[in-house]
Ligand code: HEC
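As a starting point, one isolated chain is supplied in structure tokens, in the form predicted on its own.
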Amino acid sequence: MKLSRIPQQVIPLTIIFALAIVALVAARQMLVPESFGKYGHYRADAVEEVASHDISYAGIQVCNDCHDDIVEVKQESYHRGLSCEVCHGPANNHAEAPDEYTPGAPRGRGYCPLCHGYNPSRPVGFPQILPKMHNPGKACMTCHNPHAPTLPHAPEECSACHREIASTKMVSHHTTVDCRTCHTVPKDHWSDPRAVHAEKPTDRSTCGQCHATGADSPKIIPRIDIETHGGRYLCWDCHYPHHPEATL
């Protein structure tokens, strides 16, 4: 093929492509460490560099070897899967010389809320608090043993675990309605909420206790014909029970 028949744009593109290849090869020679690829797709010298760092963490097994009394308590609690150094910090120095180094122990109110401060993304039933409202001024350890942090008594309010629902309900017309008016709450739910669940209504009769025509409730409460209102739909298909203004 004659050079004159080659499209004009091909020649500069070929030159640019060739220069890019040359630059890539040169960069690889200049910038890629010599040990790269020795053991795999990474810099082999990094292994020795990491190994040369001072050891900071002892590991949970080392803690368990000396503190078996605490281990026995912790293994029966909700904190059984939590490593000691999550709360106490690096403890290798303590493990090597226990008389010279003592690991820290958080005793104020700032540490526990990292896990137990209210966060709506956490699972339902996970203990959550509003630090400014929950026993203000008192250290968490006043009531809770960190190694066995089960509540000293079952929570007296549903909001202890269901904070998001409680906050929503607080600004609705249902703010004065006790949760147990609509939910059947087994006794064991208060002490083991993950295993024993509260029961939810399954038909219109629960809402009808207050809202059906002829219900024995204050006259200010909206009334409906519970048999015909909404057709075949259940009440909560149109009304969110914790903030029950009509949504459709």
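All of these numbers come straight from a predicted model, not from anything done at the bench. When you see a residue number, it is the position in the sequence shown, counting from 1.
The same protein also has a form predicted together with heme C, omitted here; what follows describes it.
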Quiz prompt | residue 21, heavy atom within 4.5 angstroms of heme C in the predicted complex | solution = no
Quiz item: Quick one: does residue 48 come within 4.5 Å of heme C in the predicted complex, counting heavy atoms only?
Solution: no
Practice problem: Look up in the predicted complex whether residue 35 has a non-hydrogen atom within 4.5 angstroms of heme C, and give yes or no. | Solution: no
Practice problem: Although heme C is absent from this view, report whether residue 111 comes within 4.5 Å of it in the predicted complex, heavy atoms only. | Solution: yes
Quiz item: Going through 187-205 from first to last, which residues have a non-hydrogen atom within 4.5 Å of heme C in the predicted complex?
Solution: 189, 190, 193, 194, 197, 198, 199, 200, 201, 204
